[in-house]
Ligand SMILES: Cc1ncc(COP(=O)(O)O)c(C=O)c1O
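Okay, here we've got a single chain as structure tokens, the form predicted on its own, with questions on binding and movement later.
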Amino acid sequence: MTLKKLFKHLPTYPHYKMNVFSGTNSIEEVKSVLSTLGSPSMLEGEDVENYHTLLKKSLESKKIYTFASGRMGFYSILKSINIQDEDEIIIPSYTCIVVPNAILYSGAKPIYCDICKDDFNIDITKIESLITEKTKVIYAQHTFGQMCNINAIMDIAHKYNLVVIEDAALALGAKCDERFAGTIGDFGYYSTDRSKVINTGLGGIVSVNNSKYTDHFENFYQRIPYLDTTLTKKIALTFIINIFTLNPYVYWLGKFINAILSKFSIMTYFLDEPYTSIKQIKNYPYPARLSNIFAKIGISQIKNLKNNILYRKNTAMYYNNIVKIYSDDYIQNEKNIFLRYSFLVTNREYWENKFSSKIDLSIWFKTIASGRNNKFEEIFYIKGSNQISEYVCDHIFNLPTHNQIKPEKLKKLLLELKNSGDIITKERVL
């Protein structure tokens, strides 16, 4: 982090300020991490297997594996199905940079499909036109916790004998036809970092749903190492610090503390977003397994998943009662957990600044591959090729829903936004 960026995090006057991060963790989880730091069971232990067992039961999945991050899980899926150089993988042109990066690491090429403006998910009517003899995978991303049309994608995949990988990183706990997001495609994966549905510090989960691929994935997984002791300790310390610095009562100062500690490498995150080659990743194994200490947090988080999602749905309903973007039925549908409540606005920068007195929004996704702001040709995206995605990037506005969000504190601002005429999305579009 440069000094220029550091100045942007300078503390302001003491006040209650919300943010998008780490809203689901407890002091008991902090105590659990502290009790395990430095112990023989910090890397490997029974909590990993207990976490796997709980995830299988909670997600109704037969085969579960955990990773140090969701992106590592996705990469492992690609390697386990023997993706070859120049194979093509169809993805939405509205995602996180770690998605095309993992594809490039595997030797394949991302092929970008435009999205729908109403739910920000891949436009299924445009998928078939992108399929070639090199296509191997359709990537089904459930954006912002709103499930895409996974059944239609499965039909297309069966027609062309393609693999479906579900990205449920933002949709853990969502359900379609009594099946959980991430368990419908051939594979599904989830992310469990501080910005996701549950937070284990850093982490990821893979569900292998097609028995055709079970042995291949198992064999690949057995060769994957754990993170080393030093890095595991630093991630655990980062988790503990964030529980306090990201609390809304101290965030006015905590944001600056985090910036300082990150500057001096006391806190750590995976920072492979700029890399288009796996050879550029030097500081940790990619992929790596989830350490036992973080599985311990995951057990606690999964046990509270139903309450977590209920709070998110109620928060989304509060927002919706004011700005009226979606129908009540859509909000209540179990397909949508609303990790973030999203809609389109004009003058986004104005409204982002306006809301900044109450909340640090960290809006997703402002580019077609969030985390990359230029040189899109390096990830094989041609600017101007997917106009809806690019339009959404310029106008997306989203609000977090975790249990440290007090939506009533945003009521005045939401009413002002509603009455401004700046909301682009038509009322009740879904």
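Bear in mind the structure is a predicted one, so any value in this text is a computation, not a measurement. The numbering used is simple: start at 1 and walk along the sequence shown.
What comes next is about the form predicted together with the named molecule, which is not displayed.
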Answer range among 321-329, 177-185, 137-145, 351-359 for contact with the named molecule, defined in the predicted bound form as heavy atoms within 4.5 Å: 137-145
Would you mind picking the one in 315, 232, 308, 95 that has a heavy atom within 4.5 Å of the named molecule in the predicted bound form? 95
Looking at 198, 153, 288, 170 here, can you tell me which has any non-hydrogen atom within 4.5 angstroms of the named molecule in the predicted bound form? 170
Distance check, residue 70 to the named molecule in the predicted bound form, heavy atom within 4.5 Å: yes
Answer yes if any heavy atom of residue 193 is within 4.5 Å of a heavy atom of the named molecule in the predicted bound form; otherwise answer no. yes
Is residue 75 close enough to touch the named molecule in the predicted bound form, meaning at least one heavy atom pair within 4.5 Å? no
So, in the predicted bound form, is residue 105 in contact with the named molecule at a 4.5 angstroms heavy atom limit? no
Please tell me whether the candidate spot formed by 89, 275 and 380 is one where all three residues come within 4.5 Å of the named molecule in the predicted bound form (heavy atoms). no
Residue by residue through 99-119, which ones have a non-hydrogen atom no more than 4.5 angstroms from the named molecule in the predicted bound form? 99
